[in-house]
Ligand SMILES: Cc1cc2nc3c(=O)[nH]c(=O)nc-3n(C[C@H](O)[C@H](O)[C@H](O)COP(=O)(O)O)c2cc1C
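To begin, one chain is listed below as structure tokens, in the form predicted on its own.
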């Protein structure tokens, strides 16, 4: 067990990787998934958003993990920016590919964004899924789920202050169709790109962000109704209006 990390690296080196389904000319999977929703919530169009003008070097230099948040609700314009600049589609390409606001191996974009909204100005508390193609939020479950989220992230106290908790779930076959076993390497890199953008947009809109890698995988997968094998939580982050220093 103690050498499992090294075994993963060895078994995903190119000499060990099996032929991909793409190389076998099998049909690619869908570009996105759409869990069953109770209702669809519209978001302001990204091109109509007006973000504060913060030089990118300032956003990068000020970026840090913040675990203390104000008791303030997120506006729909803020949610729209956070979602678009972490997983938004800039342009659809022929077939199943798209160009998004973050890089992804082979433009596979095999992540799905879920979020628990605890304090939002115009949306009820509940669990949501981001429909990137339509730039909409799909309400999956309307309820106060903070106790469940808190348990899922191993009872890290700062999470209970958050206005929103983001969960990124891998839809692994979207990546594995092209890259076979190496997909598990690439999906982790993709998750890092997404979370960094959340940090940077958070800095621009005066929100605090803290990435979360310590969580109960099975519990969160069950909460999000993911099977834990083909789709599974890979990363998370808490976000809220940051407190003044």
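Keep in mind that this is a model prediction, so the values were computed, not measured. Residue numbers count along the first chain shown, from 1.
A second form of this protein, the form predicted together with the ligand, is not displayed here; the remarks below concern that form.
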Quick one: 27, 182 and 186 and the ligand in the predicted bound form, is every residue within 4.5 Å by at least one heavy atom? no
Just one stretch in 84-92, 116-124, 150-158, 102-110 has heavy atoms within 4.5 Å of the ligand in the predicted bound form, so which one is it? 150-158
Residue within 4.5 Å of the ligand in the predicted bound form by heavy atom, from 200, 210, 41, 220, is 210
Using a 4.5 Å heavy atom cut-off, state whether residue 57 contacts the ligand in the predicted bound form. no
Even though the ligand is not shown here, does residue 63 get within 4.5 Å of it in the predicted bound form, heavy atoms only? yes
Does any part of residue 67 reach within 4.5 Å of the ligand in the predicted bound form? Heavy atoms only, please. yes
Exercise: residue 235 in contact with the ligand in the predicted bound form, heavy atom 4.5 Å: yes
